[in-house]
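First come two forms of one protein chain, each written alone as structure tokens, so that there is a structure 1 and a structure 2.
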Structure 1
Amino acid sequence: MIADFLSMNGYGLYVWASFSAVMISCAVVYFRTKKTLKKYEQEFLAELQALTLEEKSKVIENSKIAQQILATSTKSN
């Protein structure tokens, strides 16, 4: 029964190879996007920390993204 499912009437090799290629491609895109996002978050955090206290509080007050980045950066430190 399991062998029949895996062979898929002779098309199993093509189906499983295609499935594997798609899964690997999705994983590569996910991890590259995650890495890029972390890089941009670090750059934004560095820019935010370079601001004066008054400018920083204004940005944090008006930006949900800045609040989230600061919250995650304080958790990881």
Structure 2
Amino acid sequence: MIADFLSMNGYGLYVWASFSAVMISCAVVYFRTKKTLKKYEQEFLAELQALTLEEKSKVIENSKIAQQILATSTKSN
């Protein structure tokens, strides 16, 4: 039964190759996009940490996005 399912009446090679191509490409793009996002978040945090205390509080006060990135990184740590 499993062999029948895999062979797809002789079309298995084409069907599984199509589904695999889609799955693998989508997974690669997903992980690469996630990695880039994380990299930018880390770089943003590093630049925020490099600021003086006064500058840092000014940025955090004026930018809700900075607050959210900081909150997310604290949570994940």
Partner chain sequence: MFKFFSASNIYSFIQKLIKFINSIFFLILIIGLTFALVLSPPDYIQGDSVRIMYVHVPSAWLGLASFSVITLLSILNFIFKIKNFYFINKSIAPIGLLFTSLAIVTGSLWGQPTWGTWWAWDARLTSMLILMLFYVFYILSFKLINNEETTIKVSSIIAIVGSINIPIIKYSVDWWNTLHQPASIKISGSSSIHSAMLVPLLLMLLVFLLYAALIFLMKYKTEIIRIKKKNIKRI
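Residue 1 is the first residue of structure 1, and the numbers go on in sequence order from there. None of these values were measured; they are calculated from a predicted model.
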{"query": "Assignment: the form predicted on its own", "finding": "1"}
{"query": "Which entry of Thr36, Met23, Ala50, Glu54 falls at the hinge, with the rigid parts compared between structure 1 and structure 2", "finding": "Thr36"}
{"query": "Swing of the smaller rigid portion against the larger one between structure 1 and structure 2, to the nearest whole degree", "finding": "25"}
